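Here you get one chain, nothing else, as structure tokens; it is the form predicted on its own.
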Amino acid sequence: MFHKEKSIQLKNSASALYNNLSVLRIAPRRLTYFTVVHANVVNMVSTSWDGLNYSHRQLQSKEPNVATSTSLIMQAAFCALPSRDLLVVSSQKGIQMYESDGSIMVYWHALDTPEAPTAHAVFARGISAVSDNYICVGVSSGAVLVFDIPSKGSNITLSEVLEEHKEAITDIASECSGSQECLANLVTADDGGNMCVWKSGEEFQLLNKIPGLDITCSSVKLWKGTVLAGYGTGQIRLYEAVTGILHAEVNAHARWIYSLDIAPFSGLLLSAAEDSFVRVWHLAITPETNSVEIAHLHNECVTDTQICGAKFCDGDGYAFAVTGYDLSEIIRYVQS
């Protein structure tokens, strides 16, 4: 169903972080941007669709009044809003927002770091664009910061802090950007496997809490009102977002899941884990019962590799890309 394409070389290898790959398709320019985190650097690669041209850029983690920061980056993710695309980088010191090509930093938000050293690490992780003008970023305290993004310029403001989680945020996902009406359009997950389902707006509204089982939910997605969650047990669970009803539970991987992705137009789901496997699944909604069914379609094994990032390169799931710990390349697969 899928075959391997030519890999994209990276300047540095990928760190072992959840969801350590982000992809942005720029259709008017026939380009795709990829980002992968290595320690305190974000590796950016811009590739032309014909595969002939590549350009590389590296972004360092930053902090005020310091020439070179050694603070580790936890995640880099593209956020596509109707009016603009931004690249958001979260680290141990704060949150940086760049124009999507990485050329200009438009905003910096410092994290509150305690004066005295504590047993708890401070970091930001979990990044998602929500609705028309918000970007949400999770932090290690369990809070979710909501930033209001203007259609241009750098007048970005922290508009709200959502404080429902008690453990560090692992991942955030949204659905229905633009004109679509959605009851639930945001889900946040934490280290204890707990998930909160929200409706965005002037004030974000908590719709549901799905309790965890003290097992980390490392990656989460939202599709047609269904929460898709990947866990440290290697399981994938499908919940109805608003009610929390469990539709399906799949023993998908032998080891910790690091990344999930959904191709929204085709209902293809991608899962990737420490067990060196990337799996493609198909989701279908049964109209009579409004329940979601999941079927396994395809496997790829990246031998001896702890996979840490996997993303579809388009909304139909025609191609996907994979990163692995200590691997200095992005491996690509295309439908046969």
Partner chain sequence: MSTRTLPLLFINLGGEMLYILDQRLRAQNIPADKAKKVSTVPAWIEEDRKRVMNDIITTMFNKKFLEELFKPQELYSKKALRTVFDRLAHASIMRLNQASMDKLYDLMTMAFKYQVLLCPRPKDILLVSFNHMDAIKDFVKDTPSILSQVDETYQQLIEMYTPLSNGEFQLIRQTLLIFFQDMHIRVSIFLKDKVQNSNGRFVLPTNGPVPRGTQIPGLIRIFSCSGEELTRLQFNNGGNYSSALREGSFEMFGNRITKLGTNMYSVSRPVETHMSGTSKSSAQHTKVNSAPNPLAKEELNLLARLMGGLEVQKPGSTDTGFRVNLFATDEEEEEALISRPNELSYGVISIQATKDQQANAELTKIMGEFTESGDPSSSASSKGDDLLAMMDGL
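Between two forms, the rigid core is defined as the largest C-alpha subset superposing within 1.5 Å. Residue numbers count along the first chain shown, from 1. All of these numbers come straight from a predicted model, not from anything done at the bench.
This protein has a second form, the form predicted together with its partner chain, left out of what is shown; the following refers to that one.
Colleague: Heavy atom within 4.5 Å of its partner chain in the predicted bound form: which of Phe78, Trp223, Tyr98, Phe123 fits that? Just give me the one.
Modeller: Looking at Phe78, Trp223, Tyr98, Phe123 one by one, just Phe123 meets the 4.5 Å heavy-atom criterion.
Colleague: Could you spot which one of Lys209, Arg84, Arg255, Lys199 gets a heavy atom to within 4.5 Å of its partner chain in the predicted bound form?
Modeller: The residue in contact is Arg255.
Colleague: Are His109, Asp112 and Glu163 jointly within 4.5 Å of its partner chain in the predicted bound form, each by at least one heavy atom?
Modeller: Judged in the predicted bound form, none of His109, Asp112 and Glu163 sits within 4.5 Å of its partner chain.
Colleague: Of the listed stretches (240 to 248, 143 to 151, 130 to 138, 101 to 109), which one has a non-hydrogen atom within 4.5 Å of its partner chain in the predicted bound form?
Modeller: Going by heavy atoms within 4.5 Å, the stretch is 240 to 248.
Colleague: So, Glu203 and its partner chain: in the predicted bound form, are they within 4.5 Å at any heavy atom pair?
Modeller: It does not: once its partner chain is placed as it appears in the predicted bound form, Glu203 has no heavy atom within 4.5 Å of it.
Colleague: I'd like to check something about Asp50: if you look in the predicted bound form, is any of its heavy atoms closer than or equal to 4.5 Å to a heavy atom of its partner chain?
Modeller: No, no contact at 4.5 Å.
Colleague: So in the predicted bound form, does Tyr18 come within 4.5 Å of its partner chain, heavy atom to heavy atom?
Modeller: Within the cut-off, so yes.
Colleague: State yes or no: in the predicted bound form, is some non-hydrogen atom of Ala14 no more than 4.5 angstroms from a non-hydrogen atom of its partner chain?
Modeller: Taking the distances in the predicted bound form, the answer for Ala14 is yes, it comes within 4.5 Å of its partner chain.
Colleague: Sequence order please: the residues of 183 to 214 with a heavy atom within 4.5 Å of its partner chain in the predicted bound form.
Modeller: In sequence order, Asp191, Asp214 come within 4.5 Å of the partner.
Colleague: Gly51: after superposing the rigid core, is there a C-alpha shift of 2 Å or more between this form and the one not shown?
Modeller: The answer is no, as the C-alpha of Gly51 shifts between this form and the one not shown by less than 2 Å after core alignment.
Colleague: Does Thr289 count as moved between this form and the one not shown, where moved means a C-alpha shift of 2 angstroms or more after fitting the rigid core?
Modeller: Superposed on the core, Thr289 moves its C-alpha 2 Å or more between this form and the one not shown.
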